[in-house]
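This document starts with one chain, in the form predicted alone, laid out as structure tokens.
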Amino acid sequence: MAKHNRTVAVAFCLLLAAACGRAAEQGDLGYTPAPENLEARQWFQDAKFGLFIHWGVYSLLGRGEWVMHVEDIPIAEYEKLPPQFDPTGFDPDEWCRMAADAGMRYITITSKHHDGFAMFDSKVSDYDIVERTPYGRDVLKMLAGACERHGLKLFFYHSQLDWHHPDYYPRGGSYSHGRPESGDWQRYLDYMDSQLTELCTGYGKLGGIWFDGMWEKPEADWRLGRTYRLIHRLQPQALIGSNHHVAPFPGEDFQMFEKGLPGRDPFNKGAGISALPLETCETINHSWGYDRQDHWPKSTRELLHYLIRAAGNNANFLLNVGPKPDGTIQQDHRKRLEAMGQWLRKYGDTVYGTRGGPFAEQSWGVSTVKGGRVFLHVLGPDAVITLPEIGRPVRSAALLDKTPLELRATPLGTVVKMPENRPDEYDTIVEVELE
């Protein structure tokens, strides 16, 4: 499928990117969030649950999104994948219905992963789904429309790392098979900003941009200040986050943690926990991108407990699915999402719109708070739980159906006797009233 007016489009994107900032510092030191951005942060913290989607031409091989690197596939060989990519089973409305039924409030999808292949109609490269595949359609445009119809916000995951682009040089420590021994780093960053300009001008009002890959070259000048100003200029409400595993840079609007609760993810490099909105991401099975050999999904209990613990740690939970190459979602993933949605329809009031509660995480579970209501999420079979002293005595405790529970003050804290018959198999929720 041919491109028209490519030169004009490239020039426009480069000029617009340059006009939105020229500084080279890491982070936008002069950043003041717009009112729309502060409102979006509040919404984000209330939303609590999102769908992560890793999908690209790598799904054809069914061995995860890092297959190009892991198997050291030459670029020329990898470029044979797009002509085979024809996801005729992709139904964006069905994806959105699935997410909404699961109780999710937003979707974050890969616009470009480390392999450099764009899952949208890019004017600054022909290495994209519209020009290189028989499908020939912009799936992100289709998904953006479906998200608007179903009341979901849309975030784009965008890899700063690129195994395909010749100007991504000097290279980092990952894939390097047959790549040139030279390149223009500033030209690559211009290219990245141009694609971000396309994403921020052609897909409606975005929830935000979810960056990944900067960790490969942590000492490089990524021109974050310029890139972040570009995004905030084009989409003032859009939230910027980066999976760089260090403390947030100025200009970032939320802090993320990969495969671990805030401050406890396995990649953490002393990032600490900032005052920004927080998010943790995890897979349903063991893979981000589709892996046909991965048949070990986490249980509904594990996933719900992760969501609940995330809320108790004042964070959102971004849960990943890796669609098949035909665009359909794996059945075991769908079953887990359906079960989580059923639970949230009953107990979502104790998760949505909450913040981390006054009682720090304990062996028995976590607490959440919304307004003046404090909820204890007891995740195990404990016969009694102890609430540590927080300077405010506990006046009463009851199940959500108002069944009162016995309290006893002790030198170690307030002991709450749990009911013999639990109303829910995953989480016994107790509402406590404080003095």
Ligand code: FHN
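Computed from a predicted structure; not experimentally measured. We number the residues from 1 along the sequence you see.
The form predicted in complex with this ligand exists for this protein as well; it is not shown, and the discussion that follows is about that form.
Phe52 is the sole member of Trp55, Phe52, Phe375, Phe49 with a non-hydrogen atom lying within 4.5 angstroms of this ligand in the predicted bound form. Shown without its partner, this chain lists Asp294, Glu216, Asp190, Glu258 as candidates; in the predicted bound form, only Glu258 has a non-hydrogen atom within 4.5 angstroms of this ligand. Contact annotation for the candidate site: Trp66, His245 and Trp288 all lie close to this ligand in the predicted bound form (heavy atom within 4.5 Å). Remark: Trp210 counts among the residues lining this ligand in the predicted bound form, judged by a heavy atom distance of 4.5 Å or less.
Although the partner is absent here, Leu224 is not a contact residue: none of its heavy atoms lies within 4.5 angstroms of this ligand in the predicted bound form. Put simply, Tyr157 is close to this ligand in the predicted bound form: some heavy atom of it is within 4.5 Å.
Within 4.5 Å of any heavy atom of this ligand in the predicted bound form lies no heavy atom of Arg336. Only one of 164 to 172, 321 to 329, 135 to 143, 113 to 121 lies within 4.5 Å of this ligand in the predicted bound form by heavy atoms, and it is 113 to 121.
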